[in-house]
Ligand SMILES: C[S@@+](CC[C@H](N)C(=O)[O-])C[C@H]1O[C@@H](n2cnc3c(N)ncnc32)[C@H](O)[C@@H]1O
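Single chain ahead, by itself, as structure tokens, in the form predicted on its own.
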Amino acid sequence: MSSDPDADARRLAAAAGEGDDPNRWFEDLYAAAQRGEAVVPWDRGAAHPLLEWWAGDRLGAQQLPEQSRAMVVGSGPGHDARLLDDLGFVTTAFDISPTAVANAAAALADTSVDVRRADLLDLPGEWRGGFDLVLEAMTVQAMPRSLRQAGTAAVRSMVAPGGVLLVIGMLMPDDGDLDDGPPWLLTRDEIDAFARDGIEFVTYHDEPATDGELVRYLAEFRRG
């Protein structure tokens, strides 16, 4: 196991990319982490700080319906799903990795979160337009760039009329290498690309970079 948690992800993603399933590395990473052979770099043990910021600063003004339905894309260990459940959302969470799903289901057994296994690029039809809040935190940026357009379209397809879409990630620097990953960071143009098919841009919030760190952002969108 490397001292750099991102190195484990890059190694497994590179191996998966040599086959016919470029997203296989998600399961490889979670399974290796369960064996103590890798670290899941995005598992910080709590909900994403920018989601917590949004819940405190923005949620109260959203005028979402009671018993709003929330979807967590690429839910991983389930920390974001737990926060939304605590906030009163009827929450569904999915991941492509069977190991991640099993672990999250066990960790969230004391909540009402519905944890599913699903592929972002092959979603159940009933999820289309089915959620008042869709959270995409660092999943699209973890997919190869060849899948970026399809992944973005799939995320926005789940937003209900009047629903909110949150996109959280790390911003590609102006001098960044588009081929360097994972994660294959989104450019600002790629973030803005979520605003299509009836989805409109609302606001963008970021945290200024400190020495050696990348800018973290939260972009908010809404379906008219």
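Just count from 1 along the sequence shown to find any residue number. Please read all numbers here as calculations on a predicted model, not as lab measurements.
Keep in mind the form predicted together with the named molecule is missing from the figure; the text below concerns it.
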Original post:
Given that the named molecule is left out here, which of Ile96, Ala154, Leu108, Leu83 has a heavy atom within 4.5 Å of it in the predicted bound form?
Top reply: Ile96
**OP:** Tell me, yes or no, whether Met143 is in contact with the named molecule in the predicted bound form, where a contact means a heavy atom of each within 4.5 Å.
**Re:** yes
Original post:
Even though the named molecule is not shown here, does Asp114 get within 4.5 Å of it in the predicted bound form, heavy atoms only?
Top reply: no
Subject >> the named molecule contact at Arg196 in the predicted bound form, heavy atom, 4.5 Å >> reply: no
Subject >> Distance check, Arg58 to the named molecule in the predicted bound form, heavy atom within 4.5 Å >> reply: no
**OP:** Report the stretch among 60 to 68, 25 to 33, 188 to 196, 154 to 162 that approaches the named molecule in the predicted bound form to within 4.5 Å, counting heavy atoms only.
**Re:** 25 to 33
Original post:
Even though the chain is shown alone, can you say which residues of 62 to 93 have a heavy atom within 4.5 Å of the named molecule in the predicted bound form?
Top reply: Val73, Gly74, Ser75, Gly76, Pro77, Asp80
